[in-house]
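Starting off, we have a lone chain in the form predicted alone, written out as structure tokens.
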Amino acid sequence: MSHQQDVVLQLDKVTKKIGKQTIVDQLSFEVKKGEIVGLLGPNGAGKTTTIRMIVGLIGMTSGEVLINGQSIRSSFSKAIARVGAIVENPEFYSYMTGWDNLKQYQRMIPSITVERMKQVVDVVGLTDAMNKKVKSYSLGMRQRLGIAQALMHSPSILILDEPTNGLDPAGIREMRDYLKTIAQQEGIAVLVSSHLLSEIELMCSRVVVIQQGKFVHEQLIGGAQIQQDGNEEFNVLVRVNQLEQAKQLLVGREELQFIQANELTNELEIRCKDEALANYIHELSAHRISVYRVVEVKRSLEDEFLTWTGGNQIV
């Protein structure tokens, strides 16, 4: 586990009420250095409200947000100094060049050096476009310029609300790659809110799911959630040359749960643990049944999401 000092952002029972309505309800989660965390939820789940509270755009009714241990409520300027954020679309002077737009921002924070400006422009891959006027930029380039601006003061955390909104597939892929680069190279924590599940799955190392302002679920993405003790149950497809005989060998076994068979592909789907699968494959071989392929069946993030939110569509 990461040490406590690696925690960059910490939400503790954050609540937002407007009149009698509770928009965000006792929400707690954390983001650590160098990880990209997706904040997921159906529309109206409270994602944007949560992000606005984290960056101090709206006050919270109760609870606490800490950035590097500093409270957004009681020491706002210290806490916010280490945050880079794009909450709406980044706004720029379109008649000025990319470089001149960044210079405007640099004037507000004298500690930013020209070297640092060049460095962030390089990280987001805009070096060749900095002398062009922003009005000639594509939407993806504007988003990347926004990220460059948000990175200039070397924040500990980058917070992005729907960063891929309006981007075409190439732009989305670019954004994903740059965010991964930023997290790895600069060691920055990244919090991304989105409703694009496939994107989050490819971009993030962890997701926090909220529904009606409440914490619903937290999940590592990729191989990280597989426990190494072999006690995890999983589904596998086993492709064989003799489907019926392979199916017969499953009869009456508690440790092997038959899910379904596909006669077109000669595949059996079973649910079991490591040891039971190994034993089953030995037995297939002993009965001279050829095993062509064994593939784990992974549920998509979309399937998982619908389970966590009780079938609530993420639209």
Partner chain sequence: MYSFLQLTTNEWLKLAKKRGFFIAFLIILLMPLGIAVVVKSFLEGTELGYVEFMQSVIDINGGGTLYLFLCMIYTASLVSGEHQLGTIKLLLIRPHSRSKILASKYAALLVFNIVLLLFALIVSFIICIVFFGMQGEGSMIDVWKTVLYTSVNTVMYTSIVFMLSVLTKSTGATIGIALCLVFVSDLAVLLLAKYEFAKYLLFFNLDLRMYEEGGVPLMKGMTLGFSITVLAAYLIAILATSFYVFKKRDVA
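Here the structure is a predicted model, which is why all the values come from computation and not from measurement. In this text, rigid core is short for the largest set of C-alphas that superpose within 1.5 Å between two forms. Positions refer to the first chain, counted from 1.
Form predicted together with its partner chain: not shown, discussed below.
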field: Candidate stretches 278 to 286, 49 to 57, 256 to 264, 22 to 30 - the one whose heavy atoms come within 4.5 Å of its partner chain in the predicted complex
entry: 49 to 57
- line: None of Leu220, Met130, Ala81, Leu202 but one has a heavy atom within 4.5 Å of its partner chain in the predicted complex; the exception is Ala81
- request: Work out which of Leu139, Leu237, Val87, Val216 lies within 4.5 Å of its partner chain in the predicted complex, going by heavy atoms.
  value: Val87
task: Please check if Ser74 has a heavy atom lying within 4.5 Å of any heavy atom of its partner chain in the predicted complex.
output: no
message: Residue-level question: is Ser156 within 4.5 Å of its partner chain in the predicted complex, judged on heavy atoms?
response: no
message: Test of understanding: in the predicted complex, would Glu91 fall inside 4.5 Å of its partner chain by heavy atoms?
response: yes
message: Is it the case that Asp168, even though its partner is missing from this view, gets within 4.5 Å of its partner chain in the predicted complex, heavy atoms only?
response: no
- prompt: Rigid core fitted, then: does Arg73 show a CA shift of 2 angstroms or greater between the shown form and the other one?
  reply: no
query: Just checking, between the shown form and the other one and with the core aligned, does Met130 shift 2 Å or more at the CA?
result: yes
- prompt: Once everything's superposed on the core, is Tyr178 shifted 2 Å or more at the Cα between the shown form and the other one?
  reply: no
